[in-house]
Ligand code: ADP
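Below sits a lone chain in structure tokens, taken as the form predicted on its own.
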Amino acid sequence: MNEAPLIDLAGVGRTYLAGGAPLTVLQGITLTIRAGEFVAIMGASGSGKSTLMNIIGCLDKPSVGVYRVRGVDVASLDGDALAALRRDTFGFIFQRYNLMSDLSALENAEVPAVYRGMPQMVRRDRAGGLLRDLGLGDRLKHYPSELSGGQQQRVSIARALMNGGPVILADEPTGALDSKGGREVLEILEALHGRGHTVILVTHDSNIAAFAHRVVRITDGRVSSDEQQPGKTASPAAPPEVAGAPATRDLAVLGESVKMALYSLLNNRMRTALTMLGIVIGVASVVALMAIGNGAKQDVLDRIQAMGTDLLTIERGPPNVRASGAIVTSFLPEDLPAIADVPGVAMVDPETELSSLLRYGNHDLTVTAVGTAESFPAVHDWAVAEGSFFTADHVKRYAQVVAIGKTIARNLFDPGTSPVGAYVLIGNAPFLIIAVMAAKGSTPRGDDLDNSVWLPYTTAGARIFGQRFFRHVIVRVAPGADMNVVEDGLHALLIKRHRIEDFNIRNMADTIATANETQNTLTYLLAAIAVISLVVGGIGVMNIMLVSVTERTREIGIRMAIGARGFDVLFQFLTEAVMVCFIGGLAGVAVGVGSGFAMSSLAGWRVTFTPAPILIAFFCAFLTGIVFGYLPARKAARLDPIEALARE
């Protein structure tokens, strides 16, 4: 049984659309090439010989007819199988060399082995060995711009041999060389044929075709002659096999993608910096604004918690009735012992506040006068800075004593002078200052807690407020007691005593939860605004990547010609987009953290950095690279190899 020919074309034709009209370049091509042959395809310019070469090399597909490689119909192969055929069977030598300008001679030569999955050290040694055999041992690190035309073509030959493909396709390999360089290239092709490679050479020069042992002439898209050169025979040898490692292919492609992404970023520094700027601003905004939002939230919660998290506040007026507390008399001193006896209640503190005028000497201050009990400091965890708070005895005997806040002490008394022992007028009644309270700060609404005075509720009711009832009662729950159970007990007690629900009970834990939810909403709103910057930055990445694909179309065609799959090309450009966003994300995190600390230092804002927002912002930047880089990468992966190679 005869072995199937290496290359077999039967009735192959190729028609293009030119200006909307069909243009037939090849028609009825029937050609068989066996392993070990050296075939020259000759023809004038425009005869279709280069199109035939592209079909043989699986860069193009016939419009009609059948093309088989080792008996396999090429039309039945998908994109990955065609890429594998180009990678493992064919080695391309182009007229214009088609070397990648960003890569050295050694790196250009080893690219096909990347897509074969050859380990890095193995492919580096093989590429170096091939270049040394071709007389370029001292040019391994030189870039194409630093090599002569003949040297560049030798690099192209080394690249064609890298994967040990049995077929060498040379399209006018001497067309851009002088006579000496052309002669050297032809001698190399002869040597490769002698080692068992099947060489297919496209030329219009009969002197070059004379090196082949078989000449196929193409005229007007048809085979006009197919002649055996006298004294020329096919090579009986077979080219040596080159081992591949498909299992490591994806790892090799990843390394190549990262390397090419870095080359591209470094070679276009200004464009890269401007592209990253949107990502940096977006990530920095998310990090900084989330830190500011978290800081504001924590500040509010700290102020609320400073009032006590185990407190229940019983307000006058029925629940969900606005302003009802102003017209309902709910709590009297007689209620206090009963409230204190509810299981789980540790302390009870009645309170009534009223804005009052305080006088000391020639100074007047508008302050908040609070009528309360001796339990106030313990209930609110409010320390006394100087002197002693009034006692139950003071309350019982309507004593005209008062404790003042830090703001009042600072405004009325000279530094170093103790207010304790001084008399002030509240309304028209004199009061002896017996204590100065520690600084407490402001409420979440911005009210200054230290601009207050505290006096026995009995005295306040009789001398200032003119009323016995309290505006609200603060209950401190005993440690370990269930807040909800205590709240239910107070509710039942007051319903029983008052016979109507003329009060409402607020749980401080609920207040904290509500404040937390409100601040979270504001923080998320800030983050959402910042994420818009990331989206804008992502659009910038997509635009730049589309420009990059356009600029590097020829490089894409070269990579496809030497065996890159569509996925490999997609992965390379996607890696580049992700790397832009990765580096931009890192820079954005640094800028965001720095901006947060700067705002804290300059404006006095509280900022709280937590790992979650930083990780989320960085992940969003990474995701931005994938989402906005996919479309340009997909466009690159779908390019036609022939059209890409023809692009200048």
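Numbers for residues come from their place in the sequence shown, where the first is 1. From a predicted model like this one, the values you see are computed outputs, not experimental measurements.
In what follows, reference is made to the form predicted in complex with ligand ADP, a form of this protein that is not presented.
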Looking at Leu586, Val64, Ala44, Val593, which is the one with a non-hydrogen atom within 4.5 Å of ligand ADP in the predicted bound form?
Ala44
Heavy atom of each of Leu23, Gly48 and Thr51 within 4.5 Å of ligand ADP in the predicted bound form
yes
Considering non-hydrogen atoms and a 4.5 Å limit, does ligand ADP approach Tyr16 in the predicted bound form?
yes
Quick one: which of 578-586, 594-602, 23-31, 66-74 gets within 4.5 Å of ligand ADP in the predicted bound form, going by heavy atoms?
23-31
Contacts with ligand ADP in the predicted bound form - residues in 362-381 whose heavy atoms fall within 4.5 Å:
none
